[in-house]
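Here you get one chain, nothing else, as structure tokens; it is the form predicted alone.
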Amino acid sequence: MKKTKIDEVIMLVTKYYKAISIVLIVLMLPLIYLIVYKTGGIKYVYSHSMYIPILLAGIVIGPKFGVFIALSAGILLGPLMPIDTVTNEPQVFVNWMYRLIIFVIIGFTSGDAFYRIKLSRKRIDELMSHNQETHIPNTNYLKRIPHILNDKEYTLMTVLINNHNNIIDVLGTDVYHTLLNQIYIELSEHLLDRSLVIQSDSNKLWIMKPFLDLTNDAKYILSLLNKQWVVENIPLYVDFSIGATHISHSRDLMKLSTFEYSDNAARYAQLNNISYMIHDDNKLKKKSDYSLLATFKHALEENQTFLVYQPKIDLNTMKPSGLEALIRWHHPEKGLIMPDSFIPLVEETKLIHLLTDWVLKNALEKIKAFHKQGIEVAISINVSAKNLYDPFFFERVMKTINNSGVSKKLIRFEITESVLMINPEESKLVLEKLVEKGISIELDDFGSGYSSLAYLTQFPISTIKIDRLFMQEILTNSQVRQIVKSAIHLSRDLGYKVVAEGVEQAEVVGVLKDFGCDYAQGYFFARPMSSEEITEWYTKALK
């Protein structure tokens, strides 16, 4: 977008503000002199107009210029101006000298006062626009962008320091702040003119540089960051993730919403363990996804969420042997929302605790409803990594189960392999406490990760659930079939029960039976059903 004539005029006035002010103030002196002279001389009130350029000189330019204009004004309205222009009577020396001294005092004091005010404002601005610990510009600094950047295209990058908490925990906050300052200096020294580096969060930097190429820009920043950082003679390992996006005009940098795209890209890179990511709407979570997150707590409170249940089938008897509880969300505007669309977002926040608590309470109510009909049903619920690492999770869960009066043997927690591997030692401690209370632990999606069954024996797991991806190829791929067979045999040798997920064909059921698999879930037996449907289905299936 081209600048308008008004924009150009504003920029010129801003650039030459002081020069224009000096010219105008100087021109006011002879103009006021003429007004005073033409109106009859110094004895009339028009001479007071001279205070205007004196005050302006001190306020706009400073005390020195204020004194200069005051001296000039004093002389113009002193020996060069008669008391009365009709009689041409000159002024008494004491009168005009006293006026000149007053003018000088006003010019100096006004200039000095406003100079001090400017210094204070500058200091306040520095405090407001810079992080006080790291001395790096913060988001308030963006207000200066019109005076620093130009209207060219820009590359915007977000740099996340992934392991900042570890650095702080081990070496302290001061070392981390020093590291941030070093990173800022390194980036600032190697970036082109009209580039900016902003600290927008404790572990986040925003970089703005003239646009060349997104991929090359990201790689260049990565090359600057991937060095050995040393603070107080301590070598540090720093893990970075970078997100990059392109904007067409620097004016967009004044809007904080502009940075969402590079933030999301960096977050994607962080979650997927890659060095950098270029913004791509097809890959990244969109703003609309986060609007779902904002209304999720309300959804739980207003019963927009509900549970569906998928039965687990005993392959020896072909009868149901428990259920898995799965959450659904019926949004008032968007309709039915499947868990893949909101659970990954919820898991990134503390809302995951509310979600798990809600699922547990509703699953317990369903177990009690079955019990009233004389049916004992065990229900499995999914537990997140954040749940396990919540210090209050165990106590909260036990209190909820104890208050319900439901037998603990009817509650099973499903944990994915990836959850266990985030923090194995802490996971093991929490799971052992749950097992001691009688709650069974099932390993969900086995085979989607990289851990061996031998490694997983350190955890108190009772059941292994083989990932549904294997069921899709078990009939057509001999290698997959052999993997499933070996996994089932080894699991049973280690004392685990085995559940096959995603079973959709009768032939797959036959293969699983031949391999000695204990249980199966999938559309071949039943799709997830509502609370009312599952009660009727389960009752009939037991007959």
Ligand code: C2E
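The structure presented is a predicted model; accordingly, all values stated were derived computationally and were not measured. One-based numbering along the sequence shown.
Although not depicted, the form predicted in complex with the named molecule is the subject of the following passage.
Contact with the named molecule in the predicted bound form, judged as any non-hydrogen atom within 4.5 angstroms, is confined among 202-210, 86-94, 339-347, 153-161 to 339-347.
Think of it this way: in the predicted bound form, the named molecule has a heavy atom of just one of T258, N382, S321, N181 within 4.5 Å, and the residue is N382. Note on contacts: among H331, K297, K143, R328, the single residue with a heavy atom within 4.5 Å of the named molecule in the predicted bound form is R328. Taking non-hydrogen atoms only, E414 approaches the named molecule to within 4.5 angstroms in the predicted bound form. Residue contact check for D444: one or more of its heavy atoms lie within 4.5 Å of the named molecule in the predicted bound form. Using a 4.5 angstroms limit between non-hydrogen atoms, S440 is distant from the named molecule in the predicted bound form. Of the heavy atoms in Y523, some are within 4.5 Å of the named molecule in the predicted bound form. Not one of L364, K497 and D518 comes within 4.5 Å of the named molecule in the predicted bound form, counting any heavy atom. Within 4.5 angstroms of the named molecule in the predicted bound form, the stretch 496-524 places a non-hydrogen atom from each of E501, G502, V503, E504, G522, Y523, taken in sequence order.
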